[in-house]
Structures are given as C-alpha cells and as structure tokens.
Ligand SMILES: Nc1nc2c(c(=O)[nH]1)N[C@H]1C(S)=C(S)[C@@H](COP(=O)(O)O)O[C@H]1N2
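Here's a solo chain for you in structure tokens, the form predicted alone.
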C-alpha cells in the first residue's frame, strides 16, 4: 500500500492544515476562500468579490495521496497517521470507505496473512482461554450487518481555547459506515465469561511508534454491558468489502456511539477483565475528562478526579452545501446533514441563520438501526443578500441539546459538541 503526502507550498501557513479552526476571522477565510464555492441555479461564482473580507488568506490542506482514500482528506499527522474528512465529503448516507477518517496511535502491522489470523479470548473473567481462526469466526457464528457511527473523542478539538492536547481535529473525525461481522457477545459466550466480568478490552498487532515490539501503543475497551449489546461487533468487512489495512485489516472491534478509540484495529486478542481495564490509553488522562468543571488552561487533575469517556454527546453536522457557497439568483437553499447522540437517538434538529436568535425545525429521519446516525434536511430562506452563517443544533431523546459555544474546557480537548456552522454568501 502506498502512502504519500506532498509537501506544503512554501508560502502556506502550516496552521492552515486544520479545518474549522477557532476564531471568526479564520472561519471567514476558510469558509469564503478556502473552499470551492457552490454555484446554484447555473449562476456564476466570483470568489474575488470576497477577497477583501478574508484578509488572512485562504486555508488549503496539504495535498494528500493514499491508495483507497479521497485526495481531499486533510492530514493532521503522518506518524502516526491522523487524517480528517472535510464535512462536505460526509454527505453520503453511508460513509464510503475512501472518506472514513484515520486515527491511529501506532503503526499498522507489516504484512498480514488473514488465513493464519487468530483471535484469542482470555482474561481473569474468561472461563477458558479460547482461540478462534478468522475462518472459524466466519463459519461458526451468525453474521450481522449494522450501520454504526464512530467519532473520535477529540473531534472538534481545534475550537478549544487554549488548545487541548493532541491532533487539532476540526469537525470531520466522524463517520457512519456499514459493518459486517459477528457479535462480541456470541463469541464471549462461546468462550465462557464469569459473573464477575466488568470490562472487555482489545489488544491489536499495531506497532508502537518507537518500533519496540514489547510496547503496546493502545489497548482500550468498554464495560461488559456495552460489549454485550447486539450491535457490538467483531468485524471483518466495511461497506461489503474487506476492511482496508489502514482501518484494521483483517479484524477489528466496533462499538458504535462511543469514542472510536474503543473500537480497536488489527485485533488479535480480547480480554475479559474483573476490573476497569488498565491498558495503554486507559490512564494518564487519555480519553478522560474532569469529573468536575475546571478553568480553561488549568492543569489536568489526577486520574482519580477524571471520568472515562463513554457514550458520546449529541451532535450534528452540515454536509450540504459546502461552507463558502456563493449563491446567485435565489434566496432559498436546501441544507442537509447528519445527527447522532451516542447511545441515544436524536429527537429533533434545528438550524439558525441569525446566529442563534431564532431557530427553524428540520425534517429528521429515524436511524436505520440503533447506533446509526440520522439524516436531516430543510429549506432555508434568507431575508436578503449578504453574508450568512447556517448553524445546526441537535437535541437527543434525553432532552440534551448542543451548546452554541464550545462547552466545558478540558486538557485533552475532548467532547466538543458545539453547533456546527457554515458560511453562505447570498449574492
């Protein structure tokens, strides 16, 4: 597999690699110049008319080339690979594999032989150590296919001030694809689990960045209740085809609605624990937020004063039109996107074109299955020509709504579910 990233042009600010960066000036520049404008109704597009309003210049991602990936994905780092999907590329109801974001903690394993791949079930709360070949998993257990939404716990990190630690994700570290595999609970039941089981965790064959094979780059998991849900899968296929190497070929776990770090790649071992798992990235503040609010910029509390991120908060994304659209000849525009709420469903979604002063309810579909995202759309009528922002705000079935501003600051920059917004120019 070929991985190649072209060098950033000499005059391009490296900060421009981050989409949806914080600050209105950056947002304007990115929205009005940094993206290709959308022409509706056959009208001409004139980007030059907006140059004066975007004095900071355009924001363009580094050119990117990876086999099987869309060229417009945005590279945040290449060791390990962390690559984001711009929101407009997430418009499909089921995310195509070439548009799935990449978040790795280590390096993908070398040559993989699926025919000899095995999955071991063990741990203090496993009744016996059981080893399955991939062929046995596929032949001995019933197959299930679900659309499952996964989101990086740090999605939206770029909007925190001061910045949270880690890759400065915009709003595109999320997707909902179709996964095929066997249920975690069926495999665990075949191996046998003890009544004292508390946590189920994975180990994979990814390589630590140091190259030291004795070190594990990441080993996370979920409480036993989550692991035993019908939708929790040990998967070998995405969108009807074998999982690509960069996404965990030949086997991974998928726990929809929780931070994507819980859905381990290249999995060859599942451990059933009688306590909360203590593998790498389960401590030292990784995928944790303070148990009580702390001031922006405050030192990270000790782990005993943090809580592990579990079900992700309610959130929505505008996928059409692309931010920066310049519309001529009409003042009505279709707006659409997706919404999700961790383990819950989204009850309703609204959009605003006046910075949250008033809100318009959108048409919202039910999820195709539990833990899939939901599609929404509406027609927005603008009162005049000029610059507008479209904001989206979802509300879940428990009554929680997205905040209009970045929520509680935390050192890891996790769980930013503030309203997504796009820039529109009605010419």
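In this text the structure is predicted, and so the values were computed from the model without any measurement. Residue numbers count along the first chain shown, from 1.
One more form of this protein, predicted in complex with the ligand, exists but is not displayed; see below.
Visitor: So in the predicted bound form, does any heavy atom of residue 224 sit within 4.5 Å of the ligand?
Guide: Contact with the ligand, no.
Visitor: Quick check on residue 263: any heavy atom within 4.5 Å of the ligand in the predicted bound form?
Guide: Judged by the heavy-atom cut-off of 4.5 Å, residue 263 is in contact with the ligand in the predicted bound form.
Visitor: Taking heavy atoms and a 4.5 Å cut-off, does residue 246 contact the ligand in the predicted bound form?
Guide: Close contact exists here: in the predicted bound form, residue 246 approaches the ligand to within 4.5 Å, heavy atoms only.
Visitor: Contact between residue 123 and the ligand in the predicted bound form at 4.5 Å, heavy atoms?
Guide: Result no; residue 123 lies far from the ligand in the predicted bound form.
Visitor: Would you mind picking the one in 147, 104, 352, 97 that has a heavy atom within 4.5 Å of the ligand in the predicted bound form?
Guide: If I apply the 4.5 Å criterion carefully, the residue I get is 104.
Visitor: To verify the annotation, which of these, 175, 160, 132, 236, has a non-hydrogen atom within 4.5 Å of the ligand in the predicted bound form?
Guide: Selected residue: 175.
Visitor: Counting only non-hydrogen atoms, which stretch in 225 to 233, 203 to 211, 137 to 145, 344 to 352 is within 4.5 Å of the ligand in the predicted bound form?
Guide: Stretch with heavy atoms near the partner: 203 to 211.
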